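Here we start with a single chain on its own, the form predicted alone, put down as C-alpha cells.
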C-alpha cells in the first residue's frame, strides 16, 4: 500500500486523477474497513491540506471545510442556527472519534445512520465538489444517492459543506438502544424559525428510517403558522411518505416509524423553546 499526503488541493486533485485512490481524512471509517478485506493499493491522505479545515462565514453563507472535525464543530462559535449540528457532533462516536472524524467523511460514508446527515439536510446544506471539470455545488439531498453511494464523479473530491445563513434555531434528537456510542434507531434534525411565537419556517429531516435520510416537506408545510401547542397534533396527523423503515436487530419498522414521529415533535419543540447550545 502506498500513502500519499499532499499539502495542497491541486496536488491532491492531480493524484486523485490518476485513479485507484482511496481518500483518507480522519480515517474513522477507512481504518475499520481494513478488517474486512485487502488494504487499498493507494491511500490519499488529505488531512494535511490546510484549506480543507475550518469554519468561516462569508458572502451570506457558512463554509465548513471538508476536513473539519466534529470536535472543531463543537468548539466553534456558531449561532443558534447550528445548535442541532453541535448536538449531532457530540453523538458521533466517542470523543476520540470526534477528534478525528470529519464532516465530509460522515457524508461520503453515506450510511443511513450517519449522525450529521439529517441536521445538515435541515440546514439546506450544499456539498462543494472539485475535480477535473472545476468546482460544483450539489444539494446534500441529491449528493447521497443511497447506502454507501454518493454523487461523486471520478477524480472529484469534496472540499466543503456550504450552509446558507439565516434565522432559525437547530435541534437534533437520536434514539438508540443505549445513551452513548450507538447506531441510531431513528434520529431527527430540525431548524425552526419563529415569528411572534409561531413557526415561520420549518425544516425537518429524519435518518435511520430508510436507505437515506430524507427531508419531510409535507410536515414542514403543515407546521407553517403553528404555535407550540399545535405541534404534537400536526405531527401525529401528518403523512410520512418519505420514511421507509425496515425491521432489523435494533428495531422493527413499526417501532421506528412511531419513534420517528415522536422525535419529530420533540425536536421541533426543542428548536422553538430550548436555550442556545454553546
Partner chain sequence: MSLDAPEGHIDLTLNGDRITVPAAATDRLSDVLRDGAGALDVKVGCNAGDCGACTVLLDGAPVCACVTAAGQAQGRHVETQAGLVAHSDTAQRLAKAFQRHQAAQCGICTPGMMVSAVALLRSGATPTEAQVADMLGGVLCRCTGYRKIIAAVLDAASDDDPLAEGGIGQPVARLDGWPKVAGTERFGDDVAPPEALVLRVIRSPFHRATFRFGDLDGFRDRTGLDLILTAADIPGENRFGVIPGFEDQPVFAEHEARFKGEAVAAVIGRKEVIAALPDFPVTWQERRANLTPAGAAKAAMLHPDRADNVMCRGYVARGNAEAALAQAAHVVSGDFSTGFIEHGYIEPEAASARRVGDRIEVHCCTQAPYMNRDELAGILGLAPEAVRILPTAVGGGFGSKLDLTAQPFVALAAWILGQPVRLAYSRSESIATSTKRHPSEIHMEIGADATGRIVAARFEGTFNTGAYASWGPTVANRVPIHASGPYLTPNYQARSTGVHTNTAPAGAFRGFGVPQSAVAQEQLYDLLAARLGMDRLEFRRRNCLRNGDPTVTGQVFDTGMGIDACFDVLKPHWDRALADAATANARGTHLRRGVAVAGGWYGCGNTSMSNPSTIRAGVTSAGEMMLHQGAVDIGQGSNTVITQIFAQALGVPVSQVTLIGPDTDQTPDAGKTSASRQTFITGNAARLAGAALRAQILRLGNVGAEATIAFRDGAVELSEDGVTRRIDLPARDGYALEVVESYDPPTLPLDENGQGAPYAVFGTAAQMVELEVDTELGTVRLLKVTAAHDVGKAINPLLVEGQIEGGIAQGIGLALMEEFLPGRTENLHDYLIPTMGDVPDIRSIIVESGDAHGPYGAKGLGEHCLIPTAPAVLNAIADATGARIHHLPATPDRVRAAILARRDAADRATE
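Positions refer to the first chain, counted from 1. What you see is a predicted model, and the numbers here were worked out from it, not measured in a lab.
This next part talks about the form predicted together with the partner chain, which is not shown.
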Can you pick the one in 130, 141, 194, 100 that has a heavy atom within 4.5 Å of the partner chain in the predicted bound form?
100
Evaluate residue 151 for contact with the partner chain in the predicted bound form, applying a 4.5 angstroms cut-off between non-hydrogen atoms, and reply yes or no.
no
Answer with yes or no whether residue 250 is in contact with the partner chain in the predicted bound form, where contact means some heavy atom within 4.5 Å.
yes
Does any heavy atom of residue 43 come within 4.5 Å of a heavy atom of the partner chain in the predicted bound form?
yes
Answer for residue 137 alone: is it within 4.5 Å of the partner chain in the predicted bound form, judged on heavy atom distances?
no
Among 234-242, 220-228, 29-37, 59-67, mark the stretch whose residues have heavy atoms within 4.5 Å of the partner chain in the predicted bound form.
29-37
Identify whether the partner chain in the predicted bound form is within 4.5 Å of every residue in the set 109, 145 and 212, based on non-hydrogen atoms.
no
Do any residues of 1-15 have a non-hydrogen atom within 4.5 angstroms of the partner chain in the predicted bound form? If so, which ones, in sequence order?
1, 2, 3, 4, 5, 6, 7, 11
